[in-house]
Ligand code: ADP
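Before any questions on binding or motion, here is one chain by itself as structure tokens, the form predicted on its own.
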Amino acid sequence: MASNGKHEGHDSDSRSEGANGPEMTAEIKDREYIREQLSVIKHKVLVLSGKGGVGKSTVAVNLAAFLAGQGMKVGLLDIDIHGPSVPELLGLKSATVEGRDGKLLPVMSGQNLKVMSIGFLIRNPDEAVIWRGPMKYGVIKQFLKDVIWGELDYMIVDSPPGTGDEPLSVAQLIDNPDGAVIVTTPQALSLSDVRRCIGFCRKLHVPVLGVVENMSGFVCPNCGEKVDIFKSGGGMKMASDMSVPFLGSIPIDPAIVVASDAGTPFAEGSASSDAADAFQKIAASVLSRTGGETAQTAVESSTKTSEIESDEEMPVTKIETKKIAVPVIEGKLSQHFGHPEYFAIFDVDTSTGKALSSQKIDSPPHQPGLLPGWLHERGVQVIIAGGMGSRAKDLFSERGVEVVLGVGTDDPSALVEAYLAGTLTSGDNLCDH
């Protein structure tokens, strides 16, 4: 895994791994202690970006706030040493860190969100932090080793832009992270940097949970017209090209700026808007991709069924997810299952009947018997198609994949919506080859 890898150019790793005896032993012990310390944190998610100014910290803060608002215990770790913005985004600029028994206590934001940032430890907020790699590695290690995080459902790590010391350090120190959410804007320059960010994750064996396209168009609050100031759709296309999930697009909304300046996570606002809906759908998609569930309760962990006097169970709301694949040609369902331009793959919440996210994945070169295994590896559980060969149907059946055949040509999103609503019309196999 990434935490055991050796990477050239990382001052701390080369120093510790090349050192003699005591120093090397201390580093190994520190990593073992960190692994034990974080073992009571169920899910760990990194938020990355290829370049600055794309709203990465805003996404990280709102993701953490959404999860905390669902009743989960969440930790938000800000490892942007040179530009910590999490304290300001949460209205915690004046907060101070307290100690206990030689450890640090994270700052609380509400009941469920624990926060740690170098911003809490700098006396003068205008003071520049001028540190080399080893010092940055040391403070990140301290945040993981010496902060009393306790049991958490999620730890969200807000990393600085790029693929330098900080994201490398945290990817190596955190054992088996669930994955990374990568934030971009639609411009070609940002998308180019994100490609390198995805390459970084693959080299370190960190799964890419998905790409978020921020600042994706501006909706006029007066007339409702959408203007693509920075273009739009580039994030989805890039995600498709790189074969990673696309989690969604967040439009430009002046209310996000107002909320950020006020230190209030936008996702916590009660007002409904395209941007608020986008934040919540992205967070729900991350939740489903990491196997988390909403409304974690103490009853689950501390009370056994035999100890509950009432016959009624405490409600626990779960997101029941499925992956649905639709073969597509010229934007519509392809009647020839084995010869589409690409597959539209939807993550859906079957409990609410809504799609959480979608991505386009180019179809591999045609080869008999390839697609069932190829789609199964991507977690697909349902196929909506016009028709397919009997061999392919058998292979899907062996893998427990549901196949809906005899479906007419239509927009993939409309077909998935009809499937979830139970109104999808199917019929005879339209193509048996």
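Numbers follow the displayed sequence, beginning with 1. Nothing here was measured: the structure is a model prediction, and the numbers come from that model.
The same protein also has a form predicted together with the named molecule, omitted here; what follows describes it.
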item	value
is_contact(Asn214, the named molecule) in the model of the complex, heavy atom dist at most 4.5 Å	yes
4.5 Å heavy atom contact, Ser260 and the named molecule in the model of the complex	yes
In the model of the complex, Leu152 touching the named molecule (heavy atom, 4.5 Å)	no
4.5 Å heavy atom contact, Ile252 to the named molecule in the model of the complex	yes
Contact segment among 369 to 377, 56 to 64, 382 to 390, 395 to 403, judged by heavy atoms lying within 4.5 Å of the named molecule in the model of the complex	56 to 64
Heavy atom within 4.5 Å of the named molecule in the model of the complex - the one residue of Ser273, Ser240, Ser85, Thr264 that qualifies	Ser85
The single option of Cys201, Ile256, Leu173, Ile79 touching the named molecule in the model of the complex, heavy atom within 4.5 Å	Ile256
In the model of the complex, residues of 399 to 422 near the named molecule [heavy atom within 4.5 Å]	none
